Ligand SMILES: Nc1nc2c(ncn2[C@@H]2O[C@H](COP(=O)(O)OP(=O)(O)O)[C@@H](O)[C@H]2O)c(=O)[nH]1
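Take a look at this single chain, the form predicted on its own, given in structure tokens.
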């Protein structure tokens, strides 16, 4: 038996098209309703695909008999899948052949999304629809964005994170971003241990016209805070911690205890290229400071940020900024739903590919 596939904008249109192509002797084998993906400048469109075959009938005149027409009309009244119960829907050919849940799980695994975020995104997953669109909508509702920190930042913004996570570079970018909004900003670095640390911050300050102070001791920090008391925001750069260096950890804790906690936000820098388990291990070193937000760095070194989103959801700490390069003060963006989707594979918003195509035209 030979099968034919017909696609049209609706079920009725598909049946009519099949009749025109193959005659009234067709029989419906299966039906699948779906929506086209669309693109940046095209909208999603409903489509219906039917698989049909020609009934084997004995005809003297070569025309379809009344019985055949009656059977065809009965099959043509197949109900819309949306009107069926879940059990009825799963018992149809089209949905048994193309379940959505495995496809959704596969897409999440490809993006390194783990539980409990993964479980949240596939909870009561629908039986039909566009998988990437469904997951995108759910992700936007679930991912934590630190909008409060973007709009109403506190007086002290303390950057914490391991050495090599892009902490100092990100701090300089963020400080300049807030300066452009008209705020008066200053930078204080507590890192008097790493060779060249102060020189690096000083170079950023000089290039961005932001005053910088070094405070390696408690009295120096108090002096710097007093010096910048009239400033809207003071950005505090810290040294990277090591679980083995208890003395350095205690010194940093002592210095930060001088700040007014009610006026302080702690931002943890997290490299997007780091594995989730490694991020969790680093987080343990800074959890006592109760980070209020995350600055996700080095987006240019990875294809997906599912690992960071899984970590953020697990520890309940929202994302404040994203950085994707070393250029200061460029290569930074406020966290948003569009930036999140842009860095997820197969989620339908591949702006990086679009920009690359535009640049070639």
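Worth saying up front: this structure is predicted, and the values here are computed from it rather than measured. Numbering follows the first chain given and starts at 1.
Same protein, other form: the form predicted together with the ligand, not shown, and the subject of what follows.
- The ligand in the predicted bound form comes within 4.5 Å of no heavy atom belonging to residue 183.
- The ligand in the predicted bound form is approached by residue 168, whose closest heavy atom lies within 4.5 angstroms of it.
- The ligand in the predicted bound form comes within 4.5 Å of no heavy atom belonging to residue 33.
- At a distance threshold of 4.5 angstroms between non-hydrogen atoms, residue 202 is out of contact with the ligand in the predicted bound form.
- Taking a 4.5 Å heavy atom cutoff to the ligand in the predicted bound form, the contact residue among 126, 254, 216, 164 is 164.
- For the residues 194, 275, 141, 227, the 4.5 Å heavy atom test against the ligand in the predicted bound form is passed only by 194.
- Remark: of stretches 127-135, 277-285, 102-110, 156-164, the one touching the ligand in the predicted bound form is 156-164 (heavy atom within 4.5 Å).
- Counting a residue when any of its non-hydrogen atoms is within 4.5 Å of the ligand in the predicted bound form, the hits in 301-330 run 301, 323, 324, 325, 326.
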